[in-house]
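In the form predicted on its own, a lone chain appears below as C-alpha cells.
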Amino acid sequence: MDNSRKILTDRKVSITNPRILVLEELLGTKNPITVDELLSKLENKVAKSTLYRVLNDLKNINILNEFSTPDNQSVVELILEDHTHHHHLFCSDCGEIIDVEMAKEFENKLSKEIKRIEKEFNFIIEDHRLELFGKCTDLCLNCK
C-alpha cells in the first residue's frame, strides 16, 4: 500500500481508496490483465464505473497502458520507471498475454523505419506496438 501511495503522491494525484485498491492489484499482476479480470480480482471492492474512472486517471498520469486483445477485450498494464518498452504475445487457446522484449538490434531498425515513415508522411508517431498471435505449446500450464 505504501508503494501505491508513493506512486500517487509522486505524481501529485489525490490518494483515494479505489485508486489504492486498483494500483495494488495491478502492482501484484505479472502480465497485462483484461479489465474484466481486474474487476473480478477486486471482488466487488470497486464498482465497475469507478474502476473505469480510476483507469482513466492512471492513463492521464501516464502510468497505465491500455490496448485490446484480438477479440477486442480491453487490457491494461502499469508502466512505471522500471518498465521497459516491450511487445505482446497473445495465445488464442488460453487467452494468456505475455510481455516480450525484442532484440535491441530489431528495436533500433524499427526506430529508424519509424523515423523514415514520419519524414515521408510528415507525421509524428508517438508510440508503436508489435503484437504476435498464436498458441501456447503443450507445455503451457494455462491451457490444461
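Position 1 is the first residue in the sequence shown; the rest follow in order. As the structure is a prediction and not an experimental result, all values here were calculated from the model.
Keep in mind the form predicted together with a further copy of the same chain is missing from the figure; the text below concerns it.
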property	result
Listed residue that, although a further copy of the same chain is not shown, lies within 4.5 Å of it in the predicted complex (heavy atoms), from I114, L27, L42, V35	I114
Contact test in the predicted complex: Y52 vs a further copy of the same chain, heavy atoms, 4.5 Å	no
Partner contact for R11 in the predicted complex: a further copy of the same chain, 4.5 angstroms, heavy atom	no
Interface membership of I61, a further copy of the same chain in the predicted complex, 4.5 Å heavy atom rule	no
Interface membership of C136, a further copy of the same chain in the predicted complex, 4.5 Å heavy atom rule	yes
Residues of stretch 107 to 135 in contact with a further copy of the same chain in the predicted complex (4.5 Å, non-hydrogen atom)	K109, L110, E113, I114, R116, I117, F121, N122, F123, I124, I125, E126, D127, H128, R129, L130, E131, L132, F133, G134, K135
